[in-house]
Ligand SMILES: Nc1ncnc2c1ncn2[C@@H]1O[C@H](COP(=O)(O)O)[C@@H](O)[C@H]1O
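Here we start with a single chain on its own, the form predicted on its own, put down as structure tokens.
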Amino acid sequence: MPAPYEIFVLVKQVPDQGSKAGLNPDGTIDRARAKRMLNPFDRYALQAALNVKKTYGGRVTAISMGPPPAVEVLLETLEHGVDRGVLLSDKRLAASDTLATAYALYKTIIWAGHYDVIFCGLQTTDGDTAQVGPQLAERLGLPQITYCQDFRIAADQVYADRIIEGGYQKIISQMPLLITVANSYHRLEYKSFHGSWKVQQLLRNTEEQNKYIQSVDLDVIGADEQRCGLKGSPTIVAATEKVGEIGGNCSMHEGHSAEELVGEVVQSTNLQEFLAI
């Protein structure tokens, strides 16, 4: 009997924010040196996908785009309860901006088959554009709910609360649709013992791992390489600079009225120099 819902969730492997990766001579992040992690924003999208599976029934497919090591994040999603993973990996995707990335993922989703709902994180920590999810919805011709903080499903309709300035909107949308999940949604639950045990077995058996995670390239998904990678990226990054280490001195002012405190701060040497500029 087919699963009630086919649920897709997009995840990305990003440099660990706690690692000191540095930059390459061309100004790009030295990803080879950086420790890798699941994009923190995608953890909320993953939990949303798993909640649909748990509450309403269905199958969850995690999709990622990246170099071969990105299979690590797909294995991590399996530990949490995802049913299968798809990794789009191709050297021709290098230096893709959001336009090229959305196109490549769009072709991957079409290749992956039928879906009822697609979940994305708000953004990624290595790009912070928050553009790929909405661009995907436009390419797929889907209604989209962005900044979704909670939702429920009834009769193939999604009833969602969407964050806006000063409050939230209540939205009703028919399936299929795409949802970007806010980080005010439920935190990702711990990995299951069964999921972790299964992944450990898959790590020892490549042939078995291939049954759960499919690796595809541009040729397999039928993508135009002229619309991918640097060729398909109109965005030009003029320069990337490393921000200096956080440091400096601070002084504490307390125990006086607000007027006195402001006066003390104004009299500080650093502020006087700043105001003189």
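Quick caveat: nothing in here was measured; it's all calculated off a predicted structure. Note that residue numbering follows the sequence shown and begins at 1.
Omitted here: the form predicted together with the named molecule. The next part is about that form.
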Subject >> Exercise: residue 145 in contact with the named molecule in the predicted complex, heavy atom 4.5 Å >> reply: no
Original post:
residue 202: heavy atom within 4.5 Å of the named molecule in the predicted complex?
Top reply: no
Original post:
Hey, in the predicted complex, is residue 60 touching the named molecule, heavy atoms inside 4.5 Å?
Top reply: no
Subject >> Interface membership of residue 131, the named molecule in the predicted complex, 4.5 Å heavy atom rule >> reply: yes
Subject >> Of 137, 122, 82, 158, the one that lies within 4.5 Å of the named molecule in the predicted complex (heavy atoms) >> reply: 122
Original post:
Heavy atoms within 4.5 Å of the named molecule in the predicted complex: which stretch among 150-158, 189-197, 137-145, 113-121?
Top reply: 113-121
Original post:
Can you name the residues of 43-71 that have a heavy atom within 4.5 Å of the named molecule in the predicted complex?
Top reply: 63, 64, 65
